[in-house]
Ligand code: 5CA
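Only one chain is given next, in structure tokens, and it is the form predicted on its own.
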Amino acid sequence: MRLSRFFMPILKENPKEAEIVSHRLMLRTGMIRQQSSGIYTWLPLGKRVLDKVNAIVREEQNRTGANELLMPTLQSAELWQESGRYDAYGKEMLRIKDRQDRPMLYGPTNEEMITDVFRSYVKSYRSLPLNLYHIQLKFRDEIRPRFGTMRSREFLMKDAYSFDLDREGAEHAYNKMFAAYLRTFSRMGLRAIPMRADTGPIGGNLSHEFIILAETGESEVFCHKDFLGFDIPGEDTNFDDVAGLKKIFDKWTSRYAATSEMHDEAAFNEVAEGDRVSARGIEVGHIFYFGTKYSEAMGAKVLGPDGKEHTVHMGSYGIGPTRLVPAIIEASHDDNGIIWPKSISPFDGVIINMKAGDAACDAACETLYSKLGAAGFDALLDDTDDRAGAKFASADLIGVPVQIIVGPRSIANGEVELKDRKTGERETMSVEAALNKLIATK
């Protein structure tokens, strides 16, 4: 992509309404624009990051054997009345009526709808286990939306729902998602710690929030320092291995870890003082096992191997991609801007033409741009006529992993400079060597 053709409205000043780093940087880099309280447009730079986050989420969900579908944002109130949650959910639910005066709602979550889908088609235990997921916009009318897309009213969610014949199968489904979440967040450069958590209006009696530690976290969290060094499940994880997944779950729940709602001060004090971590945290995922809470109320049953009807056991597993993006920024930035992990960076690198209009610089930039693109390296070419200092500042601000700097003096010697955004290290090399290095690290 050529910067001269890319819509990236960078702000020179820090927005006054932004209270935390991620909100400030997302506005400054032109990733998002607020349309109304808690509702945002994702502009091209932000959309590129969001798409990469979604891709990783999908890959790890698919790895577990989950099936993707897409449910509507508007839901019939009848399903929620059937489950008993319509009146109980509270003012966060946006209730509306259609032109036929039928009560509808803008879905804050999808337990009722997915249970209705399941009961309409699945009648036998032979179709189990089953996990269905989607990535869809949700709306919860937060009384005080804040921190940009960290806590907005309209947001994107990955919701997965598992269906099993019994508690034993449901726990295995839970452990699948548990391991998949550890992998998902690690691939985005995050160390997420699973903590015992309240189930809230979703219901159920087994629940973990996945928390990343950050100074700007919304709540206080408590855990053992060993979580910072535990190994993440590998790419070769067998999600059909019941014992293997249970071992992962047991390891990652073997130390104290709890959100403020579930904190037990006496139990925490039993942890050696040097091993205690008390910090602020950001929730990036939440998983629940809620048994037959919805299937019982809505008649989701299957014929079991014993010839009798069984009410299925269910679980729910959420990740908020529009929340993940600012969480990653909170965890990875410096005074100059964002520092994106390679896996979700909007571009693989930025080519900085220090003197646009200079024949040698222009030619070298075009060579780099075309050859990198042909090799699958997604480069942003800064072909604008801004001064060099402004180009460097913008490149640091948007935070792509590597900067390829092309200037008249270096290109006269057939060389370019590579700058690592994270470390600040610079290396001068020939154009050919730079191409080979960048393509090899893609």
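Numbers for residues come from their place in the sequence shown, where the first is 1. Given the structure is predicted, the values throughout are model-derived calculations rather than measurements.
Keep in mind that the form predicted in complex with the named molecule is not shown, yet the notes after this line are about it.
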*asked:* Taking the named molecule as it sits in the predicted complex, is Glu111 in contact with it (heavy atom to heavy atom, 4.5 Å or less)?
replied: yes
*With the cut-off set at 4.5 Å between non-hydrogen atoms, does Val221 touch the named molecule in the predicted complex?*
no
*Met157 near the named molecule in the predicted complex, any heavy atom under 4.5 Å?*
yes
_Contact flag, Glu283 vs the named molecule in the predicted complex, heavy atom cut 4.5 Å_ = yes
*Answer with one of Met150, Ile328, Val350, Leu182: the residue that has a non-hydrogen atom within 4.5 Å of the named molecule in the predicted complex.*
Met150
*asked:* Between Asp166, Glu142, Glu366, Asp241, only one gets a heavy atom within 4.5 angstroms of the named molecule in the predicted complex; which residue is that?
replied: Glu142
_Tell me which stretch of 103 to 111, 264 to 272, 170 to 178, 229 to 237 has a heavy atom within 4.5 angstroms of the named molecule in the predicted complex._
103 to 111
